[in-house]
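Next comes just one chain, in structure tokens: the form predicted on its own.
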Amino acid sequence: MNVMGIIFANDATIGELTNKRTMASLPFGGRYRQVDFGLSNLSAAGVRHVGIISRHSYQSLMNHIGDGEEWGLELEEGGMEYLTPYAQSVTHTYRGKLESLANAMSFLEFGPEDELLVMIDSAILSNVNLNDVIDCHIRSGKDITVVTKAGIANGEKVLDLALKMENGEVVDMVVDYAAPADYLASMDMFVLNKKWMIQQIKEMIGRDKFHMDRDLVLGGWQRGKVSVNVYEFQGVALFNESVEEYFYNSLALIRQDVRQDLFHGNHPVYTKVRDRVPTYYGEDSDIENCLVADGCFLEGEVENSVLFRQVTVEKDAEVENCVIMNDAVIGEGAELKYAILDKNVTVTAGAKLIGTKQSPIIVRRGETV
């Protein structure tokens, strides 16, 4: 079966962390970017025809992915393609995923008509066996398969799409709503027939409808025009749709079970190779319960934190419950609790940054505090 993949870089913002980058290029887990998970899922399933859709701030994303070599992809027609506004002669903001797909129609129409299409969002991270999802879709005979996760809906978190099941069939569906706990949360991952999807996109756009969840999935299901199959994913799924969720999920990687499932559950997660020297641990350093990347220089105290590459923690500095991105420098005697430091941040000697679990302090890229 021929399969085509689409990754939405997701330009939705989660504050200072994405004001100059897409969700897809947001650093995560010490060495990775969020796009790595979608690319690795597709690559492990043998999908080589992949399009990456982004509206703006995509330069860092392109720098990270390059020609796609780390994921076994090739940057060419019929391989991996960046579907940016300049490549599509469209510069306005997309009103929904259907409109973004409409503006990538030349990509969608390339290749066999009977291809399946797998669509993945960059805000939800998982290690999914897409071959199982594809087999489930084919066996169902339905128009769309939605990959879902139990335990996310709680009556408080607003979900893009949530579905209720009874006896293996969808009996209710809601969008942009804090669904109760007996609903399954969509992971914004869909499998469908490409030819059928092209037809639906043209019809939806012609009717001034632009949203995948509301207009096509929910609207089509309510009208009896679209049949919906559900694949319930059993592994770890991290919804990084807010600063609080990103912070909580980053620190969750300290747990071995979460880390093992996310990075090695069905297949390895690949990323851009950047070789660095091993991390240096000073004689008086005290590093406890942390995820530490290579190239760090640690002489202070760090607890319950995630440190990306080449982070420096100087003598007598105290870091607790923090996410510290590449090349940050924590000065001597500084104190950090519940903070997210973007790349190339400098914390001066003796400075104090104290946030909370619900509202971590964010220091923007390149700033000195």
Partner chain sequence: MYFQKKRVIAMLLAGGQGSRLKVLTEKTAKPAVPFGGKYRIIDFPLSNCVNSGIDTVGILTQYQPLELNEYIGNGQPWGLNKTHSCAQVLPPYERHDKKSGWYKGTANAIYQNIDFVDRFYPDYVVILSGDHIYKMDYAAMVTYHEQHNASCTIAVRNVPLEEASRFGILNTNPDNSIYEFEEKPAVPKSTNASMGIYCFNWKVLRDALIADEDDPNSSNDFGKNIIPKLLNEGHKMMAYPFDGYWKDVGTIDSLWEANMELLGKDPAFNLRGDERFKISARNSALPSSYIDEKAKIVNAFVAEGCEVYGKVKHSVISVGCTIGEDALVEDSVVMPGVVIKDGAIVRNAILGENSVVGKNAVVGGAFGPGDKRKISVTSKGAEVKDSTVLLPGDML
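Keep in mind that this is a model prediction, so the values were computed, not measured. Positions refer to the first chain, counted from 1.
Only in words, not in the display: the form predicted in complex with its partner chain, which the text now covers.
Proximity to its partner chain in the predicted complex, taken as heavy atoms within 4.5 Å, picks out 254 to 262 from the listed stretches 254 to 262, 191 to 199, 130 to 138, 111 to 119. The contact residue chosen from 180, 79, 268, 235 relative to its partner chain in the predicted complex is 268, the criterion being a non-hydrogen atom within 4.5 angstroms. Site annotation in the predicted complex: the residue of 292, 104, 228, 205 reaching within 4.5 Å of its partner chain with a heavy atom is 292. Contact with its partner chain in the predicted complex holds for none of 155, 356 and 360, as no heavy atom of theirs lies within 4.5 Å. Its partner chain in the predicted complex comes within 4.5 Å of no heavy atom belonging to residue 241. Under a 4.5 angstroms non-hydrogen atom cutoff, its partner chain in the predicted complex lacks residue 27 among its neighbouring residues. Remark: residue 84 does not count among the residues lining its partner chain in the predicted complex, judged by a heavy atom distance of 4.5 Å or less.
Shown alone here, residue 274 lies within 4.5 Å of its partner chain in the predicted complex, counting heavy atoms only. In sequence order, 273, 274, 275, 276, 277, 278, 279, 280, 281, 282, 283, 285, 286, 287, 288, 289, 290, 291, 292, 293, 294, 297, 299 are the residues of 271 to 304 having a heavy atom within 4.5 Å of its partner chain in the predicted complex; the partner itself is omitted from this view.
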